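Shown below, as structure tokens, is a lone chain in the form predicted on its own; questions about how it binds or moves come after it.
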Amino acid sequence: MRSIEEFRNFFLKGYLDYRPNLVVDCAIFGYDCEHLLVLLVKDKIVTKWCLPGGYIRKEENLEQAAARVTNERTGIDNLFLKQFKTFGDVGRNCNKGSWDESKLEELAGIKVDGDNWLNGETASVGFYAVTDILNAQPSIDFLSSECRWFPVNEVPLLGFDHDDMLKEALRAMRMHLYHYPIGKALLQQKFTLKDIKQLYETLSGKKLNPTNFPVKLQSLGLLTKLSEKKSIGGHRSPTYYKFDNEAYEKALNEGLVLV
């Protein structure tokens, strides 16, 4: 939503374009060579940081809605997306100190009464995505005031049940890490074996064998060795690698076992 008109129309007549009581929420993960990061949004009405999300348009399926949300917040199309869990506990979207109705009335002159389409229990379908933070451009809209990266171990208390969502998203991503080569979205086009080992250690939270892990990646045909080396002064220069696009896409579609 980019204007007060769109904002008001969503609250008053959004039921014409969106499915009531069903939303997607997205844990968007990034990597800065040292830390695993997650993208959070601060809303003008919701008083706590939250995962990016939104209602599902009537012409969208779940994946299309999640892709739209991640694109709106990062500016990047076709991120790696995986659905990980649906959240539908009774009372999950009640106030809990996360929602300030007076701000809504102050911002747009709207009061959500008992007949409004936004009332009632809402179920959320959780997705996680991974993206390159160098090319991502965290973006706000009319309703949000901030959108920025947080290290996953420095995340503030989140609104609603989003702490549980983030915990489940991390758990799912770390399980999928060994079955889908999601590292391509988080690394530069060329990288060293040390770079990719450090990435997987950061994402998994575990130490990996410095020899076995890179050898496994190469044996699966995922990596192509380049003739170029990384210049690191007087030390032995490591060789650059890149992902083999054909093998990578096949692994994304069919899955694999990295350990």
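In this text, residue numbers run from 1 along the sequence as written. What you see is a predicted model; the values in this text were computed from it and never measured.
The same protein also exists as the form predicted in complex with a further copy of the same chain; that form is not shown, yet it is the one meant from here on.
Partner contact region in the predicted bound form: 119 to 127, out of 151 to 159, 133 to 141, 119 to 127, 67 to 75, criterion any non-hydrogen atom within 4.5 Å of a further copy of the same chain. The contact with a further copy of the same chain in the predicted bound form, taken as any heavy atom within 4.5 Å, belongs to Leu62 out of Leu220, Leu203, Cys50, Leu62. Though the partner is left out of this view, Lys194 does not reach within 4.5 Å of a further copy of the same chain in the predicted bound form, counting heavy atoms only. Within this chain, Thr86 lines the site of a further copy of the same chain in the predicted bound form, having a heavy atom no more than 4.5 Å away. Contact check for Arg19: a non-hydrogen atom falls within 4.5 Å of a further copy of the same chain in the predicted bound form. Using a 4.5 Å cutoff between non-hydrogen atoms, Glu6 does not count as a contact of a further copy of the same chain in the predicted bound form. Taking a 4.5 Å heavy atom cutoff to a further copy of the same chain in the predicted bound form, the contacting residues in 170 to 186 are Arg171, Met175, His176, Tyr178, His179, Tyr180.
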